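One chain is shown next in structure tokens, namely the form predicted on its own.
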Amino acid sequence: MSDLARQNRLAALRTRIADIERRPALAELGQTEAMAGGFPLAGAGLSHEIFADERRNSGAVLGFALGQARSLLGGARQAVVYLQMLAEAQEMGLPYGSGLQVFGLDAAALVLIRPANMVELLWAAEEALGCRAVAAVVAEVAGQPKILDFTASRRLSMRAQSGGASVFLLRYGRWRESSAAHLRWHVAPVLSAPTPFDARAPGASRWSARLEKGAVGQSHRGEWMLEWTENGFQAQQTAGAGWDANAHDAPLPDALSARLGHRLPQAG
């Protein structure tokens, strides 16, 4: 290859890279987006941040992430990688296999990795995103690690885009830092749905999900109340439709009655 031809190819490559970097991160999302009961699921190859205000809501955050990851399984991509540092696993516990089955996710599809520190966690996330058998990477991130800066988040976003798997970073707190994540969610638990068999028993799980950054299909920073069904997420209501996303924090009006515990085993 002549020097002139090589220079022309390099110039064309630089132009293409510059065009990709200028392109909006979600410009092609509409082609891969799916609807789940009125809730738009993001397509593959994206980076997500999922925030909860408190660590006690970690179950809601993990459930929301796995619900999205479940929709990405298929074809050659049959695995979801779950990264959790060893100390966090000892404090918060691990996903419950039987619960995952009820949730519609085969426990055999979940690969658990417990790195010793954030350096290892980010390295493992990047490596997993490059694996063609992985549909999604879910990573628990405690606190505000300095190593997870804008550069690190951009590396994860670019790795997700190039590899075709999605990454979900589970975060906790009310602060928001600069990030290259395509989508940022705020998730909180909501009182479970009523059940027709026992009004005092918990029904289907529900979430309040607010999109704080990015867009999914025609939805820009929308808000939904989601309910879990055998087919995945079902959007029950949206903001402004007569529901309060903070209703689960409302205090009880009176002292609790001892009768609340009556027939409790019927809750399942």
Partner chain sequence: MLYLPDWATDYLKRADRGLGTPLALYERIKGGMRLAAVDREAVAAGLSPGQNLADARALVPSLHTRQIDRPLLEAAFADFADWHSNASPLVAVLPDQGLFGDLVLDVTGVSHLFGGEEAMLRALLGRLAGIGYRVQGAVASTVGAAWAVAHFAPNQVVAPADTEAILAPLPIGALRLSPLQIAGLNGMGLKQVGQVRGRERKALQARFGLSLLTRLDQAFGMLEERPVPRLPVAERYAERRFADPIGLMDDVLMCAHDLAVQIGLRLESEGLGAQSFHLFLYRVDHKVMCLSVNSARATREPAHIARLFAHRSERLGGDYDAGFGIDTIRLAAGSVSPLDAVQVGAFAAPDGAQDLDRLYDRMASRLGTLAVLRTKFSNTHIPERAVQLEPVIARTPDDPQAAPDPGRPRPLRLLPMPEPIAVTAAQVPDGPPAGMIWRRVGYQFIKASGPERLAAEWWRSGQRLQLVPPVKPDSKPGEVPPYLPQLPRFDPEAQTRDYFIAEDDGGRRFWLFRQGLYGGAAGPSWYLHGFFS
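Keep in mind the model is a prediction, meaning the values are calculated, not measured. Positions refer to the first chain, counted from 1.
Keep in mind that the form predicted in complex with its partner chain is not shown, yet the notes after this line are about it.
Contact here is defined as any heavy atom lying within 4.5 Å of its partner chain in the predicted complex, and by that definition not a single one of 42, 71 and 222 is a contact residue.
Contact between residue 194 and its partner chain in the predicted complex is found at the 4.5 Å heavy atom cutoff.
At a distance threshold of 4.5 angstroms between non-hydrogen atoms, residue 165 is out of contact with its partner chain in the predicted complex. At the 4.5 Å threshold, heavy atoms of residue 232 stay clear of its partner chain in the predicted complex, well away from it. Using a 4.5 angstroms threshold between heavy atoms, residue 207 counts as touching its partner chain in the predicted complex. Only one of the listed residues (180, 92, 158, 142) places a non-hydrogen atom within 4.5 angstroms of its partner chain in the predicted complex, and that residue is 92. Taking its partner chain as positioned in the predicted complex, the residues of 60-75 that bring a heavy atom within 4.5 Å of it are, in sequence order, 60, 62, 63, 66.
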